[in-house]
Each structure stands twice: as C-alpha cells, then as structure tokens.
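Only one chain is given next, in structure tokens, and it is the form predicted on its own.
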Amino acid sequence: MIQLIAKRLAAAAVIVLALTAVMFFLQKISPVDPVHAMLGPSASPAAIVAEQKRLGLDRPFLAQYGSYLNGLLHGNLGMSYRTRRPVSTDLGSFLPATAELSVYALIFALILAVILALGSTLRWPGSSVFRLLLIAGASAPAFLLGIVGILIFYSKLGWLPATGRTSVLNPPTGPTGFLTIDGLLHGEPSVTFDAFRHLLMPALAVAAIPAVSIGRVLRSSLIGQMRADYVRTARAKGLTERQVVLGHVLRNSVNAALSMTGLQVGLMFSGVVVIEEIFGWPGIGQYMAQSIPAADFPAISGVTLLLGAGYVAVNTIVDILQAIADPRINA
C-alpha cells in the first residue's frame, strides 16, 4: 500500500510539473507583453528595461522557467493585469465560494448516483421514474439546466434565489470559508439555511451529468456482481436482496464507480466555471470569465493551474481509495 501511494504521488507530481511547463510556454508565446501590460503603453524605454530586469525576462529561457517554478512553490502566481493584485490574493478571495459549490455538487452527484444504481438494481418503487428524470437531465448541458432551474424555481415558483451566494448582509467570513458551515459555527443557522438555498440550484446543475455517469457504472457493476457465486451463497443463507446488495455486493462494485468519479471531477470543474457565470456565483469561474476578455494571462494561468492540480489530486485520492476498497490492486 505504501509503495502504491508513493507511486501515485510521484505520478501526480510529474503531471502537475508538465502542466506548469505548458502554462509557462503559453505565457511566452502569448501576444500580450507582461511589461507593457503592467506599465502601460506610455512607459519610457528605461522603465521597460528596468521592469524586464525585475521580472527576470532578460535571463535565459530555462532560468526563467526555474524562477517561475520557484515562485509557484512559494505561492507566487504573478500579478493580475486587470485587478493589479497578486493572483494568489485574488484566488484566495474567490476560491472558498468555488470550493463550497464543488464539494456540494460532488456530494449531490454521489448521492444521486447511489440512489439511481441501488434503486434500479433493487427495483425500488418509482425508481424507473427517477432514473428517467436523471437521464433526461444528463442529456442537457449544465448551463441549460441552470437556466431552466432559474425559470422554474425562481421566476415561476419563487422557491429559490437566482443569483449570488447569500442574501445576508455581512455574513461570517471564517474559519472555513463555507457559509453553510460558518453560519453554524457562529451560531447563525439562518446564514446556513440562506447559503444552502443559494447553492442548491447551481450545485444540482453541476451534479446532474456526473450523477448519471457514475450511477450507470455502479449499476452495471452491481448487476455483474449479482451473478457471482458468493451472492448465491448469501441468498441460500436466507439473506434478503437488500442485505445481499448492501452487505456484500456494494463494496465489490465500488471500484469502477470510483474510477468514473475521478474522471467526472474534470467535467464538474468545467461545469462550475460556466454555472458561476449563470448564477452570479462569486468564485474563480467568474474571476476567470472576467479575466479572459482583458487578456489577463496570469489570472487565467493561475485558475488553470489550480483546477488542474485539483483534478490531479482528486484522481490520486481515487486511485488510493480503489486500493483500499479492493486489496487485490497492487502497486
């Protein structure tokens, strides 16, 4: 197990390093000159030369990449051309909102996937209707689900808010950055309830497609395991179908679903970027969307590196969880 974890961590480090190399190369071929972007078009030649030296742009290519990596290791993602602030500072302000939305979307996706898989396998009453709704939802892109949700649950029914993260003035700002948790920690359950109402629609819009993908894989694994010899033995002992599935089959079926979960995280990250624009969610997706028209490459690069590293981290964790769930997986 230790050897497997070490290999997975080493592979993750190599992938992230490759991602940094790609982003550094794209920055070099970008038509936007970082010196002119920072100093403005009216900067004097002397000021331009001094800024180039300060940024290390007069050094060899590999030396610049080494400085770039060293800066990343110390949390230096560059200076935003648009906000004139360090990108790491901007991301620190926007990341908690995106993290909260992503975590709840993943939780909703897993819950819906398990309900879909178990309900169709155990033939729960109404499971076919639920499955039909999920598959229909997965046939539409996340942005369309978000728009439909706003039209129905905000415009028509008035049940849920359409934009923003909270309606509470001066909500708690810590310690976790998750309003649904910080509201409880500060003894303000109304903040938690309001925050949950705001994230319910965007989180479900992001979760719909991954839920069906994960649920289909889990259902196929469950059906395959139901034909195994140990299942027949369990039934012969008098166990009910529910006891057989929950007590024996589910653990042996979870590996494929874990793999699919890791793959779906990347789609969820891309969905979050779009959904944040639709719902006015103050996260890094909205930050990136505002940076693209301004050709703010440090901000775009910072968001890309953050999402890429997060995707690699999640897949590494999934690989380790697979080994825990199935000890037959070796290093």
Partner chain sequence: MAVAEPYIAPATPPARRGRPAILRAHGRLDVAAASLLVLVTLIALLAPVLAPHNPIQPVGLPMQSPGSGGFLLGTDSIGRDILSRVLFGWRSSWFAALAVIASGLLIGGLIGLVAGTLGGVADTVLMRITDGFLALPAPVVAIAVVAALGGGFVHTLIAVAVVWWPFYARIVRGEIRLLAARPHVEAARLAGAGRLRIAVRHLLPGAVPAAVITASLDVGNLVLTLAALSFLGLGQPQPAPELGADTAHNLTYLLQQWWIPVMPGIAVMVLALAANIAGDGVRNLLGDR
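As the structure is a computational prediction, the values presented were derived from the model and not from experiment. Positions refer to the first chain, counted from 1.
One more form of this protein, predicted together with the partner chain, exists but is not displayed; see below.
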Next item on the list: Evaluate R165 for contact with the partner chain in the predicted complex, applying a 4.5 angstroms cut-off between non-hydrogen atoms, and reply yes or no.
Entry: no
Check: Can you check whether A289 is within 4.5 Å of the partner chain in the predicted complex, heavy atom basis?
Finding: yes
Margin query: Whether P171 contacts the partner chain in the predicted complex should be assessed with a 4.5 Å heavy atom distance threshold; does it?
Written below: no
Check: P141 near the partner chain in the predicted complex, any heavy atom under 4.5 Å?
Finding: yes
Check: in the predicted complex, which of the stretches 193-201, 149-157, 81-89, 173-181 has residues with heavy atoms within 4.5 Å of the partner chain?
Finding: 149-157
Margin query: Within 4.5 Å, heavy atoms only, which of P282, G56, P34, G266 is in contact with the partner chain in the predicted complex?
Written below: G266
Next item on the list: Name the single residue among L72, V217, V249, A97 that comes within 4.5 Å of the partner chain in the predicted complex, judging by heavy atoms.
Entry: V217
Check: Going by the partner chain in the predicted complex, which residues of 73-99 come within 4.5 Å of it through any heavy atom?
Finding: none
